[in-house]
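The form predicted alone is given below as one chain in structure tokens.
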């Protein structure tokens, strides 16, 4: 593969070893007990894996996005849901702080997140939807030297886990023409007035605690903001959209695991003295078609990440990778379950949970139906 070199092979090997030793047992507890894999996430930090893309001056590895993608791919081979949590603990929070924060904020917040000492959560979504700031109801009002926040958020990952939340709230009426009126706040989880509501019992992404947060007269210091007052929405979108590319290696790793498990099963399942693989040409054809789709998706993933390394704006490609990857993962998982027969629906086979996680990927961080409209506006503007 053209994107591989000696350094990247070492990163992939290290991530693979970590996934087998740490993620595999954690994934079992995530599925069976809804347990957040705190120890494994913190160990990722201790090993420096949460800071792969963060600049060395802030304590990161200063590696590129292909290296980061290889790590996420290996983690997701064991658990798509763990890949999501690793993404949230690294690029989605630390990367966002690096891009938007002041030097002082970057040094403080990133340093604590890099080691796994602090776990972060991002609070966008409200009942009106994640991408509908016009109807957001969470508001912050300046009272002397403090901001006072009131409102609520839903579908917040790490709702009862995070040490600190990054919260988007209205600080004036939202203006769609200028995308102004919202501010991004730093809110410690133990701040008086901040309470955790219901934790959802979801179809997939087990162990990722998703729930509601309520803000009642939550007071934080005047300077506890990231970016400029009233001007957070546009910079957030500019920073966040390219990060959707992380769903690429995350989906890819899950596809690879499902495919390999199915290939092994078909070659070892013997009926009347002949394996299913040898007995059915149609099965070999179906598997070859899946292999080609996975291989093409792999090329698209690492091509986009290499484009990002070169400084290109990959927002549209990143959204497409998330959207198409979720659909392809669902398709691959569905076919592989059928090829396993009844055993494909059994938990111990290790297939069905990827199918459930695939469906989560079609709605998490913006549904595919919403994203395809956003993608059209990017492409045909």
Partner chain sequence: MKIAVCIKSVPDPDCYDKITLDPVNKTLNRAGIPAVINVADKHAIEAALQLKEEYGGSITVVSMGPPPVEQQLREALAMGADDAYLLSDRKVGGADTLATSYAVSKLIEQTGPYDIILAGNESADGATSHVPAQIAEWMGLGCICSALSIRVEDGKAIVTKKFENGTGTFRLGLPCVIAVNQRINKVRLTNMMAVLKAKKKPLTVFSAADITGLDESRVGLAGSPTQNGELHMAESTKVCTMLEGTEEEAAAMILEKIKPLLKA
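Positions refer to the first chain, counted from 1. Quick caveat: nothing in here was measured; it's all calculated off a predicted structure.
Same protein, other form: the form predicted together with its partner chain, not shown, and the subject of what follows.
Note on the partner interface in the model of the complex: the residue among 38, 338, 34, 46 having a heavy atom within 4.5 angstroms of its partner chain is 46. Of the candidate stretches 324-332, 345-353, 311-319, 53-61, only 53-61 contains residues with a heavy atom within 4.5 Å of its partner chain in the model of the complex.
Not displayed here, its partner chain is kept clear of residue 367 by more than 4.5 Å at the level of heavy atoms in the model of the complex. With a 4.5 Å cutoff on heavy atoms, residue 10 counts as touching its partner chain in the model of the complex.
The closest heavy atom approach of residue 358 to its partner chain in the model of the complex falls outside 4.5 Å. Interface residue remark: residue 14 is counted as part of the site for its partner chain in the model of the complex, having a heavy atom within 4.5 Å. Residues of 15-29 lying near its partner chain in the model of the complex, listed in sequence order, are 15, 17, 18, 21, 22, the criterion being any heavy atom within 4.5 Å.
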